[in-house]
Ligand SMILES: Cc1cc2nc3c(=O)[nH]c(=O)nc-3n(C[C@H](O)[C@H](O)[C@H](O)COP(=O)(O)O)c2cc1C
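One chain follows as structure tokens, the form predicted on its own.
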């Protein structure tokens, strides 16, 4: 099966794959640009952009950006997006992932538009006010949801307040890396898995004029992609599989950590944002689980639910500090994120984005998947 093109608002790309946004510093210009150059959609993370261009921001003596304006730097985000577009060479599309929980959410959305983002993907909460911040710009708006109910609420709110609907929707199941839109215990229940949620969300999307549904959170192979598209999805979003690519913006220690992870090393823990967070067991996580509180005060004011460090103090770590430490290559102190299937990457090893996308589009065999494997339908 030749995969169809993906159309979202004014965007049309040859490959129906969106590379998921990963912060801090995992998907910036090099990864997003390489994915777009192949003909898919590359996504830049808007989280912690001050770490990418420290010369543009004010930092403390440990190198941490001070305050939201420096942590989520407008100048750094614009430079990242523009560099990604240059790498893409006019192919594919470049999007920006913006967490709803991010401090200065509206300002960061406007920054993305000004920098020329083709689309904004937004989750970790419901982006109820997102259309307000783009002021009619020709940018596609794509919320991330975990249920048909959430999609219905967004559609009703956007239509009433702003006279528009989402240009597509990402349905993310509980096997993704990073924050989950589910309670901890629900992440493991059959009824909350992606394939169980998909039919109801697809039906809800059709009710609102056939909004394109993008599936994410555990989608791994060409076989998965083909199955979902054959059953009504417009495309897929994938993040973890891009971690072990040469172009991924993560430091080498991050890639090595993912490639050496066993299935039991990938766990969920409580985050300052208030959602379960999927990470890899590393020295800091081991200390955290043993009861050590690693919070060192709020410097970045990165997410509003944290209440300027109050929630971080309770759970024992600042998410911005620990993701920033990982970006800086600090294995002992950093937090390293992976999806639930990340342990399968060791069968693949380090490859280029082009090689990976050749696997995901069925052009070449995928060493992480049995050749005769097929998706079990529900």
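Please read all numbers here as calculations on a predicted model, not as lab measurements. Positions refer to the first chain, counted from 1.
The same protein also exists as the form predicted together with the named molecule; that form is not shown, yet it is the one meant from here on.
From the list 209-217, 160-168, 267-275, 133-141, the contact stretch for the named molecule in the model of the complex under a 4.5 Å heavy atom rule is 209-217.
Of the heavy atoms in residue 70, none are within 4.5 Å of the named molecule in the model of the complex.
In the model of the complex, residue 177 approaches the named molecule with a heavy atom inside 4.5 Å. Using a 4.5 angstroms threshold between heavy atoms, residue 237 counts as touching the named molecule in the model of the complex. Among heavy atoms of residue 33, none comes within 4.5 Å of the named molecule in the model of the complex.
Interface residue among 172, 249, 118, 111 relative to the named molecule in the model of the complex, by the heavy atom within 4.5 Å criterion: 172. Exactly one listed residue, out of 99, 76, 279, 201, brings a non-hydrogen atom to within 4.5 Å of the named molecule in the model of the complex: 99.
Taken together, the three residues 22, 26 and 339 all lie with some non-hydrogen atom within 4.5 angstroms of the named molecule in the model of the complex.
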